[in-house]
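Given next, in structure tokens, is a single chain: the form predicted alone.
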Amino acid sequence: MSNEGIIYRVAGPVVTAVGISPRMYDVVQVGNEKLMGEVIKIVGDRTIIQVYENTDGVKPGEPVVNTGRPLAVELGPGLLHSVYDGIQRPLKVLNEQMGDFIFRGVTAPGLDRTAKWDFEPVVKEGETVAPGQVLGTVMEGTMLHKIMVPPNVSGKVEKINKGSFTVEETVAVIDGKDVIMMQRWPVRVPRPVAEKFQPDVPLVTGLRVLDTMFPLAKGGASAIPGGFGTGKTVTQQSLAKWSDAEIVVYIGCGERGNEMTEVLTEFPELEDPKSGHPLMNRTVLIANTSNMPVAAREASVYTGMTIAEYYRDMGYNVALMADSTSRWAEAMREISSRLEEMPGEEGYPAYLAGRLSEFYERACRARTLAGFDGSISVIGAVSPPGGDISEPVSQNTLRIVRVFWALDTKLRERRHFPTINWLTSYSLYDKQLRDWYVKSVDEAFPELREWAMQTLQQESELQEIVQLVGSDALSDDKKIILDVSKMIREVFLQQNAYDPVDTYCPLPRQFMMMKLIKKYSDLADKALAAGAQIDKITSLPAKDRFIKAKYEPTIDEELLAVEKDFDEQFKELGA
């Protein structure tokens, strides 16, 4: 097997080499500058390589060296609070070495080789350990980082050390093999688990429109398509801050430079409401802007997913944000065209659906090899051109994911945030999560949700009539429906991410708010039947108090007072 050859042809990021005999997905060094690339196709004696860096100036005849290893990431203490590019080069380290622009052919290890970590063993010498079992722990900021037995190692612990070590120093000897705190794992290979569970536990986000209307299960996958200015980034930041996931992995895949700059500057300043420390202490950022080479963009989603799987194996719940999968698909389209493959719909490769499935299906809630329960929940942002979700990336994504949060430009224009359209969004997890909501919140929760959705649907139908003949032509009972649906929209679904009280709404409070709206609806129908005038019903003081209650610091006490006001004021109307 030959490990050295020469360049035969260069076509952008796609390079053809001869003289080497690699395996698929082997990493190779291309040209005199040793640019990093990956084998993506082998035809006879020719090897097709996608290069993760700019190939300007690279010419036929330059050397190509096969490393014999697939693209892999380094996993161990030091991942959290890091900012990487698509192939796990630490951007902070590169910035210190060469400024704002990365030179070609430059590499840096993903994990700091000089930092020492206090290793506390949890097994004893003489014990027999299996792959994935925890050997010991270190504190990574505020998170407990579990050092696990590598998946290909098992046997008797001959030696276990305690103290401060770098990620390359030996902490244990198992059956004659030295074990260090760092693992390398190929990004395209899913990490193994002992058992996968049904997605029957929700990812609680504190956003009412998500938790109540369109819930995402832990270990599930959702798509959030959003045009410019629809609040996609703010929604993802709210999910990162408030969801009950312990670890956040954010992949900025092909985003515009200014948008990625916002993320890189805002995320470090966000405070984690759970601990009071910076949110970055439990976050890994992968930044791959649209002007970076497309091949690295294609690799970035796998890099992020592998890091997420590593923390899942420790028993953590991980929220992975991929922003955006459309840019990832565009990178695949560009590479596919340079490979002269038969194009599919709109020029995307025929295997687009398969690649999207491979990525989203790595999301799961599982029993790890160590016996922990962990999960990866994927929130994949989609950026359809012109907001048209009939294009291939959106449609193929919708076939895979079970939650669709449709961001609406018209809602943005009406200053309704989050701009998630309640008529076009959906969640297919609601039936599986029903028992959890009944047990953990209230047995009436699922029925209240269904009632709210029906009311909003009725409003949509009535609005068509209103636009034709005006609201005065409606009967009083129909006017009550419009009034109630307006309360659902403006009091319940609308939520201010920047208000200290309204930014997070726990599930019991969400239930209480929806219960009050249902109570208002029932009492309004009863008062109307008793002969009360529609104007007096819709102008009750308690209703105004309810609208303002969600911004009050004493909101829970205020909601109880509103309920009491409803009873008293409707009693005066004869209800």
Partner chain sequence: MAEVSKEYKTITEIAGPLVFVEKTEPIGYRELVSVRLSDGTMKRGQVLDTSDDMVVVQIFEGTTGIDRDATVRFLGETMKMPVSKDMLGRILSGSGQPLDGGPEITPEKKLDINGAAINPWARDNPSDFIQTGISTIDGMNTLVRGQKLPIFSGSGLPHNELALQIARQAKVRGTGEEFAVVFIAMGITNEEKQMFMKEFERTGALKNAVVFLNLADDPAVERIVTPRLGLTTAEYLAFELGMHVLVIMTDVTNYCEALRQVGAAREEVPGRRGYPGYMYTDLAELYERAGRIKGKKGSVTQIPILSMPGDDITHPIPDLSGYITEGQIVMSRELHRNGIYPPVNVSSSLSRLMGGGTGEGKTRDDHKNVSDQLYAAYAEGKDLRGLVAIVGKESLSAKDQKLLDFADVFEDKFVRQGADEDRSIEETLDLGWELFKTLDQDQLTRISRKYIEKYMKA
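No experiment lies behind these values; they were computed from the predicted model shown. Positions refer to the first chain, counted from 1.
Omitted here: the form predicted in complex with its partner chain. The next part is about that form.
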### Query
Taking V189, A529 and A561 as the candidate spot, are all three within 4.5 angstroms of its partner chain in the predicted complex by heavy atoms?
no
### Task
Among 449 to 457, 215 to 223, 355 to 363, 99 to 107, mark the stretch whose residues have heavy atoms within 4.5 Å of its partner chain in the predicted complex.
99 to 107
## Note on the structure
As a check of understanding, the residue in R399, R415, K431, K439 with any heavy atom within 4.5 Å of its partner chain in the predicted complex should be identified as R415
### Heavy atom within 4.5 Å of its partner chain in the predicted complex - the one residue of A287, I480, V129, L71 that qualifies
A287
### Task
Check whether E334 has any heavy atom within 4.5 Å of a heavy atom of its partner chain in the predicted complex, and answer yes or no.
yes
### Task
May I ask you to state whether I7 is within 4.5 Å of its partner chain in the predicted complex, using heavy atom distances?
yes
#### Entry: Residue contact check: P343 to its partner chain in the predicted complex, 4.5 Å heavy atom
yes
#### Entry: Contact label in the predicted complex: K232 to its partner chain, heavy atom within 4.5 Å
yes
### Query
Considering only 62 to 97, what residues come within 4.5 Å of its partner chain in the predicted complex, judged by heavy atoms?
V83, L91, K92, L94, N95
